[in-house]
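Next comes just one chain, in structure tokens: the form predicted alone.
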Amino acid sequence: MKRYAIVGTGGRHAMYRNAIVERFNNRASLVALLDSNAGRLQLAAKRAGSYAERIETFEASDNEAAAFDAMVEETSPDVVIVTSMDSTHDRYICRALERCDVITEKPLTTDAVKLQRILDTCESTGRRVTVAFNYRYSPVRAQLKELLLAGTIGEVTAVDFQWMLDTRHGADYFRRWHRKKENSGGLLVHKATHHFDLVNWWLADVPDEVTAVGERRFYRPEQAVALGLAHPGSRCTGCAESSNCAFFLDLDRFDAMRRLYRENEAYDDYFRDRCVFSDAIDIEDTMHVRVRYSRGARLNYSLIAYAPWEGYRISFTGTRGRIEHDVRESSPAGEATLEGESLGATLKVYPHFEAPWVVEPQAASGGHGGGDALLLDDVFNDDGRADPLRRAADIRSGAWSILVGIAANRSIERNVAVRPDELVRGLSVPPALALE
């Protein structure tokens, strides 16, 4: 039975906690939880149900390193799962690697300096880091991978990728800790790591050069004025404009948010409902990135965080035709609500000189287009079975993914083209990103 400890007990950790104590409790044991917020820490342990009495809890509010070392020393985990704030990943990953393997939520980390530290520690310890890229496991995305692997459209030369976050989900990044680049690396790292990893994996290639532009066009004080919000507060709670603002978030209305965040504010003054139009925000909401890949394919990518509907459109053009893939994850106001991502997915092939044909998306349910459950199966079964799609992502895949976003951030700051492979040393190409 493999022993697991989880660092960070915010919203994302629950997927791993529940998987261990429910689906995989015949082969996995949750031995410890660690967080800097004592209230969320105890709530997480309580939600483990009857399993809770077996879990040790460690508070890291005063001395993070000492608390982490105590956790590892006292509970001897085989694997540490990192689901803390993005900017803290490197500290926990490197400290864990001195003792055991690591599973980390995306992004692997937020900048090149921290990435180099993780790469060096992984090399010196010889231990394994798995990056949880659940989007690779979604059935329809796997179908697209199979089409590309089969050479359906020949050699891919161009990729056009638009990702839209709607004014519900997109706005949420501007309320939370993600709104500061020092915490999240901005959306080009925190969110787009999924998207860049998908393209890397779909193409089985690595990025060679990145150029980008980005700015904050919507979530800013001027937009509040344009919407008639004359006196927005620093947070939704107690805001004088609450009855007039379409972006108002009532934490007390949602039981999970109230328990996880509102009731635990006193421990660390973390407010989950900051104003989305605050001038304190420093991440972009409108981003465009161009990537040249090592074998010559070119990617044009955009990310918009205030669209009326959520989802993405991607097309691959190659020497024998074109593939178009669309996913609708939410609908505009007034449209019928889609019940699941798979219901809004299309996958079409347009061969040269032949009639186009449609690939019926495989049925999927659950988070991230059905990817969460399949990722968990892979992570916790860990039985060594071969996967022809090579969906499991190691530290190298995690690194190549965030390097696109890190390079894009640097390109925006300096108005130059940036080579991702020059941002770190000693990064090789994993089998999943290399044609054989």
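Here the structure is a predicted model, which is why all the values come from computation and not from measurement. Start at 1 and count along the sequence shown; that's the residue number.
The next section is about a form of this same protein that is not shown, the form predicted together with a small molecule.
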Quiz item: Of 404, 34, 30, 395, which residue is found within 4.5 angstroms of the small molecule in the predicted complex when only non-hydrogen atoms are counted?
Solution: 34
Self-check item: Contact assignment for the small molecule in the predicted complex, among 286, 278, 130, 88, heavy atom within 4.5 Å
Solution: 88
Practice problem: Give a yes or no on whether each residue among 146, 292 and 317 has a heavy atom within 4.5 Å of the small molecule in the predicted complex. | Solution: no
Practice problem: Indicate whether residue 309 is a 4.5 Å heavy atom neighbour of the small molecule in the predicted complex. | Solution: no
Self-check item: residue 137, heavy atom within 4.5 angstroms of the small molecule in the predicted complex
Solution: no
Quiz item: So in the predicted complex, does any heavy atom of residue 268 sit within 4.5 Å of the small molecule?
Solution: yes
Quiz item: If you check in the predicted complex, is residue 368 within 4.5 Å of the small molecule, heavy atoms only?
Solution: yes
Practice problem: Would you mind picking out the stretch of 94-102, 247-255, 147-155, 77-85 that comes within 4.5 angstroms of the small molecule in the predicted complex, counting non-hydrogen atoms? | Solution: 77-85
